[in-house]
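Before any questions on how it binds or moves, here is one chain, the form predicted on its own, in structure tokens.
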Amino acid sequence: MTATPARHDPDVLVIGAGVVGLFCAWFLRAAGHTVTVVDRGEVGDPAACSAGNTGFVGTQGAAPLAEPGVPAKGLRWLFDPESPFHVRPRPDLGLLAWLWHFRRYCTERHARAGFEVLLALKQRSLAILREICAGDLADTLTARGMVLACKTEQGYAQARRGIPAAVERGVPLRELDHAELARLEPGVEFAIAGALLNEEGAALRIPAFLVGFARALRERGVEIITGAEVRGFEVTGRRVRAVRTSRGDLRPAEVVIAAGVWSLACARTLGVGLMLQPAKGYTVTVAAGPGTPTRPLLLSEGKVAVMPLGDRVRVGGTLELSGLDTSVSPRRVDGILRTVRSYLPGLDTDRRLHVWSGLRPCTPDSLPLIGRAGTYRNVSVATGHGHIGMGLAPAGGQLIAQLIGGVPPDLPLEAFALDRFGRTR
């Protein structure tokens, strides 16, 4: 059932009811603000980025996309439609600017600094999720650890080399011998060189978590108006006075743009540029059967996530910079499933139940955009959480509430500044 628009004007209007927008609303409401969330779709809408996600959270996977070895793979990946990171060439100045900045961040120094920031966000987010999911949402969070499976000896050696640095930063990452892996995942056939275990690896059941979280927000007095497309803004000086939607106008004291990839167009309406590109990802849900793992897996070299969901298994991967195109490429789907079978030869991937593609908002350095929008005094932005948005959104929502409330932030906001890439048109 579609919610009725609020009769009052809220303290804060959040544009976007994905995982980022909902966490912004959660912490703003906890701080005592009246909050309304608007979205053109429904919560957990199959077309939304948050809906088809594998739901991985926890402290695994904090490395930014821009790493020193990526440029060397660039041309090979660029022309391989089955590569983990594919760029579809097109005449787009925004894409060229994004790629130029991405190349700048492919250094050891930037990768190390990005890892530190992303890990801090992930650690804080995991603590928040454990607290929120301790009650009615307990069945939407699985926290039994996450296995990192390495196909090759080279990949396994590289993964092992990262263990000391991870442990030093509080990540409980360790090697698994084949006997222990067999005890953890009995009946699962692995064709790998070795594996690691992150005991803080966790995952959310999506979209069940989103739907339950929205219900909890409504119970706390947050208004969520669905089917409400933002059509424009009424601006006076340096303040937004009203937000025009397809379901009526709202006059909030503060506005938060948290609309995923659509934040780009929304901010542009206000003359604010964001260094953001939509990155298409795929998930394929297949029927579970013999050989199905019981805990989340990351297939290291293949860049594929495997999420058990009871009688189903969801596998996801690839990042494709192809604009706003959400069409499904059968070749890329086949490539993901072929990767899964190469690691898990006993898993039957033929019984496909659902294929999904969605757009993740990505920045060149993999850090989200969190902060005030340009010169506006009452507009903030929370987007750019990329392929690890589920694991960053809780802490990001808390930072937005601290920013709007004038509270010293838990993490320095300079790392997430909208203008850190220079002036963006």
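Please read all numbers here as calculations on a predicted model, not as lab measurements. All residue numbers are counted from 1 along the displayed sequence.
This next part talks about the form predicted together with a small molecule, which is not shown.
Taking a 4.5 Å heavy atom cutoff to the small molecule in the predicted complex, the contact residue among L196, V171, L217, V230 is V230. Between the small molecule and the residues T59, T54, S380, T36, the one pair within 4.5 Å by heavy atoms in the predicted complex involves T54. Residues placing heavy atoms within 4.5 Å of the small molecule in the predicted complex fall in a single listed stretch, namely 356-364, out of 396-404, 372-380, 26-34, 356-364. Put simply, G281 is close to the small molecule in the predicted complex: some heavy atom of it is within 4.5 Å. The closest heavy atom approach of A17 to the small molecule in the predicted complex falls within 4.5 Å. Contact annotation for P64: none of its heavy atoms lies within 4.5 Å of the small molecule in the predicted complex. Using a 4.5 angstroms threshold between heavy atoms, G391 counts as touching the small molecule in the predicted complex.
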